[in-house]
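In structure tokens, the next block holds one chain alone, the form predicted alone.
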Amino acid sequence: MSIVVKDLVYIYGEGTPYETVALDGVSFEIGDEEFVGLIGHTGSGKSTLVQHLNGLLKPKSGQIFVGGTEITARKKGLTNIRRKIGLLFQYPEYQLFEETVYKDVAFGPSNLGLSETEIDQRVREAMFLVGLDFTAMAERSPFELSGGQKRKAAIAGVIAMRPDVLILDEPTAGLDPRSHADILDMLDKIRKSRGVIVILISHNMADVARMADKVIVMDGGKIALAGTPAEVFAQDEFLSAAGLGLPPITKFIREMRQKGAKIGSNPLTLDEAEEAIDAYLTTKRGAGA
């Protein structure tokens, strides 16, 4: 599975006084099993872009290929594409509605015409992958769960469809630190166990730096930057001008360097920062000796 986007253009309110170019010549590629961080300030075009990837929006021009199939050229047959691409908007737990967690997770697979045995297998697998104990949770009302558990139940409903691409818009928004970490660990586990593409929309630069293989930065409906986390977060002046920041640990190390600490690397995570600081202190001690 891969995603290829070529010269995508989308205009809101075309021909009206409120006409806005939301996507302006957007092009990129995502390979098999890649974890992509999609960042940009509010209104930069992130959410509009991902709604094109499963056909919820149709572009004014441009092409989108999902697994080699051009979905922008199709007027029918998008149902199968949408089964391959799981899209979760912010606060998906607000869409929980069934009597039990089991029924909520089973809702999507039940509409695929699967056997009861297959549906049950998918529900159990999805609940395991998101970290919900089947025995303890399956027959509980989703409205009795904690905020983090509700979020996991909503994600399980998408996972049970067995998508090839998982797109999440701010999946940790509003969660406590423990639930925040649990959701990120869950995404990593799902990608590794299912081999899916994950596209994460986030304003949390530390999460993007730690999780992503590739980062795409949107600004004014265009792709302003794209590359590895190290490549993108090296452009601190541009990111600042675009209303974005650096991962906190990267910012801290750069402040140390400005104060005279000769730390040669630009760490993006705590583990990388620990190694860089240890190397700096070792060198400093050696020079002092």
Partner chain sequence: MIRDITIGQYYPGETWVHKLDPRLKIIITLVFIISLFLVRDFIGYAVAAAALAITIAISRVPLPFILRGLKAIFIIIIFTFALNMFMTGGTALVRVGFLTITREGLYNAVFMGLRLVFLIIGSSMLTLTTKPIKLTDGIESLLNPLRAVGVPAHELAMMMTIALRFIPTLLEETDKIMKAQVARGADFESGNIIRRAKNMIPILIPLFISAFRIAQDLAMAMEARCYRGGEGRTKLHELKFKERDVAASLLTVLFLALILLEREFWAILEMLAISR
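Note that the structure is predicted; figures quoted are calculated from it, not measured. Positions refer to the first chain, counted from 1.
Beyond the structure shown, there is the form predicted together with the partner chain, which is absent from this document and is the topic of what follows.
Considering the partner chain in the predicted complex, the lone stretch of 211-219, 132-140, 103-111, 179-187 in range is 103-111 [heavy atom distance within 4.5 Å]. In the predicted complex, none of the heavy atoms of T250 sits within 4.5 Å of a heavy atom of the partner chain. In the predicted complex, no heavy atom of Q63 sits within 4.5 Å of the partner chain. The shortest heavy atom separation between Q235 and the partner chain in the predicted complex exceeds 4.5 Å. At least one heavy atom of Q95 is located within 4.5 Å of the partner chain in the predicted complex. No residue in the set L38, G40 and T172 has a non-hydrogen atom no more than 4.5 Å from the partner chain in the predicted complex. Contact annotation: of the candidates A206, L145, I119, M161, the single residue with a non-hydrogen atom within 4.5 angstroms of the partner chain in the predicted complex is M161. For the stretch 1-27, the set of residues having any non-hydrogen atom within 4.5 angstroms of the partner chain in the predicted complex comprises E14, G15, T16, P17, Y18, in sequence order.
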